[in-house]
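First, one chain by itself: the form predicted alone, in C-alpha cells.
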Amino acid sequence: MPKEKWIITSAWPYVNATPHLGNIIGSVLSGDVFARFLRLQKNTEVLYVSGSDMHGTPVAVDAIKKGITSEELAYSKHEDIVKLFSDWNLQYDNYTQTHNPTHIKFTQDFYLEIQKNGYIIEEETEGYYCPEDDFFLPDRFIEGTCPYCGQSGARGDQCDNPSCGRVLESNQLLNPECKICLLKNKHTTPIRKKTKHWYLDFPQLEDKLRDFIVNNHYINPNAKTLCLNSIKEGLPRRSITRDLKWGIPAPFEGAENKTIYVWFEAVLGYISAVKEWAQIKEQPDLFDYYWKDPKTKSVYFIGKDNIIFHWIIFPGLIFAYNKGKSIEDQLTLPYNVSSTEFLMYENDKFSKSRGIGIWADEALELLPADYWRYALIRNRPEGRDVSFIWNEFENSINELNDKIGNFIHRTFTFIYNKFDAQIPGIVDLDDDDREILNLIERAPKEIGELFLNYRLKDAVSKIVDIATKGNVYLNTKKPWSVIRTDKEKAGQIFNICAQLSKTLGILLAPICPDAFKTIIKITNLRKAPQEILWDDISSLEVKTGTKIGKPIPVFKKFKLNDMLRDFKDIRESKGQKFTLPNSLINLKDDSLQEKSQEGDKIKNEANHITYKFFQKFLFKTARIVNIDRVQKTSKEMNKETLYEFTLSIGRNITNKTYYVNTSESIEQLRKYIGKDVVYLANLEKIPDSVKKIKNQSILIMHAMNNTDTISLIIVDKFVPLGSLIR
C-alpha cells in the first residue's frame, strides 16, 4: 500500500519581532501538533517546513530604527527565532529563511516561467514618492486612514483592524504619510510620481480559481464564502514588484533596483523549503517526489488574516506556473488551509509597546513548553476569537496535572510500591474493567478523526474526558482497599490503569512531547518513543511482569500568584512596566498590586469617581440562557419574587448566576432568555443587605422602576460573548 505524502507548513514569521502567544498558536504550534500526529500514522510520509520571513518593510523599518542594515537585523533575529522554536519543541524538517540562495533562485525562475506563460504584465503607473528621502515608497512604507473602516495607521497594502482586514492598494489610503519620516518625527505627505512595475494578471485566472474553490471539499465554509465573494467582485491585477532595496531582486528585463513584493515571494517559501531540504539530504529528486505528485496533501496553518493569500493568491501563482506543463511537471495545489481566529490577551490586542501580552520567550521563563503547548491547544481559537485569561490558563495547566498527571503518577507509584515495580496481571474482568478497555480501543479512531479534521481543541477535550473516566474508574474501584483482601484483583485494576496511562501518553504525544517520553520511559515499553505509532494506543502493550521505572511526576501544579510574581520579575528585569490584568485586580497579593497615590478614592464632589477607579470595574457581555424562580423562606415572603438568572459567556453554560427581586412573573421574564446583556464580572461579593444568597459573584446591569419591574441593558449588536466593555 503506497504511503500518503503530506507537506505541512506554517506561516512564515517576520524576523523583526519576537513571536507572541497569538503567533505561536495561530500557525507554528498548530502545524507542529498536526505534523506530529501524522508522523505517528503507519502509512504516512510527512514534511513540516517553514522559515523566517527576512524581507519586507517591517524588517527594513526596524533596521532604520536600530541604525543597522536590514540584512544584519534579519540574520540576527532569525537565529533567535530558530533557538526559540527549538525550545518550544517545534519539530521542523526544515526551518529556513527567505534570504537563502535556493529560495532566491527558485523565486526568480518561478516568475520568469510565469512571465513566459503570459501572466505578467508590465505597466507604468504612479507610485508614492517621498521627496524627503528621495525614493519611491513601498506599500508598507505608507501609513494612512483605511477608506473602508476609517481606522488610522492602516498600511498601504492592508488594514490591520481585526474587524476589517481589507487588502488595500496604497493609493486608496486617506491622509497618507511616509513611514520613514514618521520614525524621524516628521510628517511628510508623499507625492504621486510615475514608476514602472510588473503585475500578475489575476483576472485571467478567475475561472480556474473559482472552480478550484467550489470543488474543494475541505475548505472551511466561511473561507469559501470569503474567497468566492472576492472572485465575484473581480480579482485585480496585483503588483509583484516593489521599489525597495531589501528583498529578492526582480528578474525581469528593465526591473533593475526593484525587488519582488514580500507576500509574492514568501508564499513560494513553502515550495523552496522542500527543495532546500532535498538538497541538504543530497537527494534532489525528493523535491519532485513531494511537490510534483498530485496526490501529495499540502496543508497550511495560518491566522485568519491570511486566508486570501493562501486560498487565492498562492493557488493562482501555481496555476500560472503550471500552464502548458505535463502532469508530471506540475506543482500540486493546496489540499487545505487551517486558519485560526485571533488570540487576544485578557480581551485586549497584543501590543509590545503597551506591554500587553506574553511573548514566546517570556512564556518559557515561566513554565516548560509542554504546559504552554497544552493550554494553547486546549483553548485554540478555532471558531471565534479567544482571549488568553490568566485564571483560565491556571485552570488548564492544573487540569493537566490533576486529571492526567495525577492519574498516571498514582497508578505507577502504587505498582512500584505494592507490586515490586512489576505490572500485575489480569484475572477476571467485570463490566467496569471492560468499559475502560473499550475506551482504550476506541480512542485512536475517535481522537484521530478530530485531528484529521483540524479540530485540535476538541481532540484535547476528548483526551481530558478519557482521563476523567480513568479517574472515576480508579476512585470507584478503590484498589488500595481491595488489596487488603484480594491482591490479584487490585493488581488487575492497576494493570488496566497502566494500559490507560500508556494510552494517555501516546494521545498527548503531538501536544506534550516531553511528557510522552517520560510516560513511555516509566512504562518501559519494548519500543523506543520514535518507534511508537498511533495504532499502539489501542493495544495492551504494557505486558504483565514488565519491570517499570521509578515513577516521577509527569506534571506538577502551579499557583497563579507565583506565576504572576515571576512574570512581574521578568518584565521589570527588562525595565518594562508590569500591569496586572483587569480580571485580576481583586487578587489578594500586595506584591502584585499597584498602589494608587489617591488610594483609588471616590471623589466627593458630585459623586464623581476617578478614571483609575472606574477601570477596576470589569464589565463583560453574556447571554441569558435560563431564568428560574427561587423559593424563599416564610420570613422572606413579600410581594416580590426572587429569580435566578443563568448566564453563558460563550465557552459553555456557566454556573454564574444573578438573583433579583421583582414583581414580574416567570412568563414575563423569560422573554429575556437568549438576550445578550452586560454584567459586572469581578464583583467579589454582593452585600448581605442586598440579598442573603451565597455564591453571588456577578451582577446584571439593570434598572428598577417604580412598579418593581426590571429593565435589562440589552446588547443591540453582535459582540462576542465575554467581550470586555469599555
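The first residue of the sequence shown is number 1, and the count goes up from there. Note that the structure is a prediction, hence the values are computed from the model and not measured. For clarity, a rigid core is taken as the largest C-alpha set superposing within 1.5 Å between two forms.
There is another form of this protein, the form predicted together with the RNA, and it is not shown here; the text below is about that form.
S.K.: Would N475 sit within 4.5 Å of the RNA in the predicted complex, counting heavy atoms only?
M.R.: Yes, N475 lies within 4.5 Å of the RNA in the predicted complex.
S.K.: Is P138 a contact residue for the RNA in the predicted complex, using a 4.5 Å heavy atom cut-off?
M.R.: So P138 counts as contacting the RNA.
S.K.: Tell me, yes or no, whether K457 is in contact with the RNA in the predicted complex, where a contact means a heavy atom of each within 4.5 Å.
M.R.: Close contact exists here: in the predicted complex, K457 approaches the RNA to within 4.5 Å, heavy atoms only.
S.K.: Closest heavy atom of G51 to the RNA in the predicted complex, within 4.5 Å or not?
M.R.: No, no contact at 4.5 Å.
S.K.: Tell me the stretch among 210-218, 248-256, 515-523, 553-561 that has any heavy atom within 4.5 angstroms of the RNA in the predicted complex.
M.R.: The contacting stretch is 553-561.
S.K.: If the cut-off is 4.5 angstroms on heavy atoms, which of these, K275, H99, H78, R410, is the one near the RNA in the predicted complex?
M.R.: Of the listed residues, the single hit is R410.
S.K.: Which of these residues, R565, K292, K349, K297, gets a heavy atom within 4.5 Å of the RNA in the predicted complex?
M.R.: Only one option qualifies, and that one is K349.
S.K.: Check D32, F85 and F301: does every one of them have a heavy atom within 4.5 Å of the RNA in the predicted complex?
M.R.: No, the whole trio is out of contact, none within 4.5 Å by any heavy atom.
S.K.: If you apply a 4.5 angstroms heavy atom cut-off, which residues in 279-300 are near the RNA in the predicted complex?
M.R.: If the 4.5 Å heavy-atom criterion is applied to the RNA in the predicted complex, 279-300 yields nothing.
S.K.: For F350, is the CA shift between this form and the one not shown at least 2 Å following rigid-core superposition?
M.R.: No, because once the rigid core is superposed, the C-alpha of F350 moves less than 2 Å between this form and the one not shown.
S.K.: Once the core is aligned, please say if the CA of F136 is shifted by at least 2 angstroms between this form and the one not shown.
M.R.: Passes the 2 Å threshold, so yes.
S.K.: Please say whether the CA atoms of G316 and D139 come closer or move farther apart in the predicted complex, knowing the change relative to this form is 3 Å or more.
M.R.: Result: farther.
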